[in-house]
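This document opens with one chain alone, in structure tokens, the form predicted alone.
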């Protein structure tokens, strides 16, 4: 038996162990198609630990599958909806994109080991969400980060995520104002810049705009924070201007944000 065969057998055994310990994964086709790629042996044991601690009760299915991570709908100990974000540890493609947002951020230090970079990324997103929430920014409530797993509030209902800003059939000025206020709170109160803000990572639930995907968010002390802030503003202004709203010029918004 080859080393690869042994690893596969170990992975299968660990999956069985986790399922015996109450990881109740429903028969969701997409979930089982991606489980082998995402659930390496260390990830399985990390999930096992979160289950034993009572943070996760059951996994229900895949919500989103991307190049960097998979997001699952899950249930917590009290039946609450959770979003479980599992960062991939098997791909080297995203290493450079992660490092540009970690290097220069005085809050985090990381070496060259890829798995450690991913673990730092999960901790970074958790901390960014926590600091944003403390500053009054609407974000998914962060619950915990462990190894390459981030557990947070599920924005939506019954496993159906709230729509992204880009998918709304109609837009109004109140959403635009909410987002600008969120960017200002993030910058002025939390001391953070999202660094990848656009219509693709803002969810709208019951008329409220939630900023999501905070892994790349950087401290205001990051050497490229102002460049990232400008990019965020340009993206938001472009989107609403294209939708027909009368929005101010980029420089006026940036001046207001930095007051």
Ligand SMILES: Nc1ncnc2c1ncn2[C@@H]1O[C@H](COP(=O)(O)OP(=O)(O)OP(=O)(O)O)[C@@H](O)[C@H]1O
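Numbering follows the first chain given and starts at 1. Keep in mind it's a predicted model, so treat the numbers as computed, not measured.
The form predicted together with the named molecule is left out here; the points below concern that form.
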I'd like to know whether residue 57 contacts the named molecule in the predicted bound form, with contact meaning heavy atoms within 4.5 angstroms.
no
Please check if residue 135 has a heavy atom lying within 4.5 Å of any heavy atom of the named molecule in the predicted bound form.
no
Does residue 152 reach the named molecule in the predicted bound form if we count a contact as any heavy atom within 4.5 Å?
yes
Taking 4.5 angstroms as the cut-off for heavy atoms, does residue 223 touch the named molecule in the predicted bound form?
no
Site test, 64, 201 and 212 vs the named molecule in the predicted bound form, non-hydrogen atom cutoff 4.5 Å
yes
Can you work out which of 99, 164, 144, 181 has a heavy atom no more than 4.5 Å from the named molecule in the predicted bound form?
164
When the named molecule is considered in the predicted bound form, the residues of 224-259 having a heavy atom within 4.5 Å of it are none
